[in-house]
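Take a look at this single chain in structure tokens; it is the form predicted alone.
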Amino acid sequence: MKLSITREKLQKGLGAVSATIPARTTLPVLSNILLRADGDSVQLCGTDLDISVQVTIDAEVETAGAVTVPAKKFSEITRELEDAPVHLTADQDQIRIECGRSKFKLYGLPEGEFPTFPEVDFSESWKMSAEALQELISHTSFAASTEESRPILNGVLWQLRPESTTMVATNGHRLALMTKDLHEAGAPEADLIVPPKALGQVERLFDGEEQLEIARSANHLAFRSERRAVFTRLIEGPYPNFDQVIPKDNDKQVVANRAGLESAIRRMAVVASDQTHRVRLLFEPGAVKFRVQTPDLGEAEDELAVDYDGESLEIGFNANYLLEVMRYMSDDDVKLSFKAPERAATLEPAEGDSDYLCLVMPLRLLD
């Protein structure tokens, strides 16, 4: 294999693939990136066996070929090179890197040891704009669980229906749900449970203007554009019936300025307990009062004017959960709905996109 490529393109391609490389692995080849040169481009491939990424970048290929190279060292070398053409030459399991007066040699592993990517048939694929898919991902995947006790909650549920698509994530204490109309035909009616890490790659790798081609096999899901592709293993099992936990009878509604509410909660979080992050919210006609009391640390109080005319209600929340939800509320105002201090509360934009909803379970208030 022999080729020349700009340092900028090589560094960008390595950055796209490197996030998939596992930090620790018992299989040495997984620490490597596969370079496959042919025609007028080179493919960079990385995998952790669950998620695989492939990026194609333009190059002047003199001799076609393939080699695997240690991802971390190759990326570090590329980052330190001067801004000049990079010449790569592979001979069996060695790769020589030349740029200006700099020369390196790295020892890789045979191409045959690199795992093959999952076989996904794109003949029954469907299309979706990257922008719409990335909005679904960013607004929901943060709520997925990171605990191993309930593996099914470590995934994001992606519901595909004839005219709409919904993503849902929950860790049992909070939930985020977003629905969008499907303008592209051909999507199957299915419930897919996708690892958030894979969705994070989709969110990061593709340009918002691209149309993504999506396909699935029995156990895998694949996303691709002209130059990039992401393959992921699906999580197997039934997802909990999330619709049952979304309250339909929350009769106390508050409309608050999102920025003001976020700022007040952020101030209260400074003094909140490092274990519970509990903050008290007392809703009264026209205002919400915030209070935090943390033994051996201190107290804090704040107040914010809101649109509320119901009876007084005091409720406790994990401040971090509220702050995370606020980041994804697109409107200037946010609507909060309650029933009782021990019942789940919902948050959604006060106007505009009514297809986005977050649920947060309250914390018990101890006097």
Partner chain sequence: MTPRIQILPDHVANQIAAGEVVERPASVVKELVENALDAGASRIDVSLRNGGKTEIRVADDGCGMDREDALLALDRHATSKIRQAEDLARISSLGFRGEALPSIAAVSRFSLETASEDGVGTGVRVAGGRLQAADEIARRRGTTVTAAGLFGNVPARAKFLRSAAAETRAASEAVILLALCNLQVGFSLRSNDRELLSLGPATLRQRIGQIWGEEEASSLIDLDGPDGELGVTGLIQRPDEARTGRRRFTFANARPFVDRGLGRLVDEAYRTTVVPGLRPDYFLFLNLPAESMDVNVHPAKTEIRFRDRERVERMLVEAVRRRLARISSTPPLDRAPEPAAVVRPTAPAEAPRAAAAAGDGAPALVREGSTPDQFALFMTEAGGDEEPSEAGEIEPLAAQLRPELWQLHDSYILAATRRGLLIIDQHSAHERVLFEETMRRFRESGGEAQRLLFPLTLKLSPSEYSAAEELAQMLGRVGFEIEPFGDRTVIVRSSPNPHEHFDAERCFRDMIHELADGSPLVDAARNQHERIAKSLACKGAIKAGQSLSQDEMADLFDRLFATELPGHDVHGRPTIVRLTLEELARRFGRT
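Positions refer to the first chain, counted from 1. All values derive from a computational prediction rather than experimental measurement.
Not pictured, yet referred to below: the form predicted together with its partner chain.
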query: 4.5 Å heavy atom contact, Thr276 and its partner chain in the predicted bound form; finding: yes
query: Residue contact check: Glu303 to its partner chain in the predicted bound form, 4.5 Å heavy atom; finding: no
query: Its partner chain contact at Pro295 in the predicted bound form, heavy atom, 4.5 Å; finding: yes
query: Contact label in the predicted bound form: Glu342 to its partner chain, heavy atom within 4.5 Å; finding: yes
query: Candidate stretches 276 to 284, 193 to 201, 248 to 256, 212 to 220 - the one whose heavy atoms come within 4.5 Å of its partner chain in the predicted bound form; finding: 276 to 284
query: Position in contact with its partner chain when the complex is considered in the predicted bound form, options Pro188, Pro240, Gly260, Pro151, heavy atoms within 4.5 Å; finding: Pro240
query: Of Glu119, Glu226, Glu147, Asp181, the one that lies within 4.5 Å of its partner chain in the predicted bound form (heavy atoms); finding: Glu147
query: Residues of stretch 157 to 181 in contact with its partner chain in the predicted bound form (4.5 Å, non-hydrogen atom); finding: Thr170, Gly172, His173, Leu175
